[in-house]
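Let's start with one chain on its own, the form predicted alone, as structure tokens.
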Amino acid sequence: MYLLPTDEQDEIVATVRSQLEADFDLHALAARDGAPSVVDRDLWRRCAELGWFGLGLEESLGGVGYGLVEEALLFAELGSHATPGPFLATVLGARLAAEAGASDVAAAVVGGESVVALAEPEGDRLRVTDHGDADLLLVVGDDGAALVSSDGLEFRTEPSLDVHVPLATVDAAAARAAAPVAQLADAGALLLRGTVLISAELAGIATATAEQSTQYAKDREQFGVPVGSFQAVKHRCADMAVRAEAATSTVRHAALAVRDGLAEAPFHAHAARAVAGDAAVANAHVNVQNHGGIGFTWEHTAHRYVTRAQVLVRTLGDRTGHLGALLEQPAPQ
């Protein structure tokens, strides 16, 4: 299995990276820390115009026509830039609507006209991620997945570890009582894609923090030499690079397995989630340490990777759940 991106995929990555650097600079976005909606509608439509929301959706369903592998490359870049916004819910919501035959809803989501927030079970309520300005909720659970309108639902804002990921809760019964605009009785395939995409985002965090630490180790001098020449620092950076590479390779393997419908695809998806989650959390923490005093300041971006990693490893399941699901899968032959 060949894991390196093709020239065309590299071009997709370069385009995404350029747009993120222009429109999602973390220093500039700091002005919207704690806002109920971090991404404005005009910026969201620009992302739609670039084809991000339908990148992996078949042309016959109204998408760009690439696949899960290209979507995973997109999400790795989103993770590398700690990009805020309901990208996961939007991509999955567009696919759900398209596969359920709600072409008008899918077109509105892909076109950036309808914003989708992710709603996951949490007791008798649903935890809603990126609830600000959401037109639709992607409600996921053991009984399937559905897109429901947010009109008439009462959201209760909750504190969030990540100031760029607004959280709220809504009554589960009220949300499920709303007539769905699109629904899938079996959401297994959709959630498997979501697992791969979150894993890719986590792998992106692992990569970005490894690169950030390495660059700082080259630039920062102490006693007249770069701090990267000190054994303790260079070993930490090397470990970060290994974790990032392991996460990236595992995610790409999982994306290919799921895309090709291999029998062991669930095994690889859950494995990618476990490896990438551990890599992102560990690298984000070590990155702060490697930056010394400045790494602990609010002005630096290191802390944003810490909080984003912690939010992502608790989205669409947690580490314990994915490890349990991994153990339930037959080992690849």
Partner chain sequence: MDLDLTEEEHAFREEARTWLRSNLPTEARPPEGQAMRDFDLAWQRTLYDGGWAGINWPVEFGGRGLSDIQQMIWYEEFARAEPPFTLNNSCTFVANNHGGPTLIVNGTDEQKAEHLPRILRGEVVWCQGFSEPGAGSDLAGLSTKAEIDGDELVVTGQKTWTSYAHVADLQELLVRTDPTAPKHKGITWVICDMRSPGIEIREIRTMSHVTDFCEVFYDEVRIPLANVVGGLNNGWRTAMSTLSFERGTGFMADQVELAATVERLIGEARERTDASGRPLIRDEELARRLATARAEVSALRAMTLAGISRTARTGMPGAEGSMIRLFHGELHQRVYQLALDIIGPEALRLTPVDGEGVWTGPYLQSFAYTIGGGTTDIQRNIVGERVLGLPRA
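Here the structure is a predicted model, which means the values were calculated and not measured. Residue numbers count along the first chain shown, from 1.
Absent from the display: the form predicted together with its partner chain. The rest refers to it.
Undergrad: With heavy atoms only and a cut-off of 4.5 Å, decide whether F267 touches its partner chain in the predicted complex.
TA: Flag for F267 set to yes.
Undergrad: Report yes if any heavy atom of R259 sits within 4.5 Å of a heavy atom of its partner chain in the predicted complex; otherwise report no.
TA: Contact with its partner chain, yes.
Undergrad: Under a 4.5 Å heavy atom criterion, is A217 part of the interface with its partner chain in the predicted complex?
TA: Although its partner chain is absent here, A217 would touch it in the predicted complex, with heavy atoms inside 4.5 Å.
Undergrad: Check V311 for me: does it contact its partner chain in the predicted complex (non-hydrogen atoms, 4.5 angstroms)?
TA: It does not: once its partner chain is placed as it appears in the predicted complex, V311 has no heavy atom within 4.5 Å of it.
Undergrad: Is it the case in the predicted complex that L50, P121 and R125 each bring at least one heavy atom within 4.5 Å of its partner chain?
TA: So, no: the whole triplet misses its partner chain.
Undergrad: Exactly one of V64, A302, A274, V39 has a non-hydrogen atom within 4.5 Å of its partner chain in the predicted complex; which residue is it?
TA: Residue within 4.5 Å of the partner: A274.
Undergrad: Which one, C237, L78, V140, V163, lies within 4.5 Å of its partner chain in the predicted complex by heavy atoms?
TA: Of C237, L78, V140, V163, the residue with a heavy atom within 4.5 Å of its partner chain in the predicted complex is C237.
Undergrad: Pick from 96-104, 168-176, 69-77, 130-138: which stretch has a heavy atom within 4.5 Å of its partner chain in the predicted complex?
TA: Result for this chain: 69-77.
Undergrad: Just to make sure I understand: among 311-327, which residues lie within 4.5 Å of its partner chain in the predicted complex, judging by heavy atoms?
TA: Read in sequence order, the residues that approach its partner chain (within 4.5 Å, in the predicted complex) are R319, L323, L326, L327.
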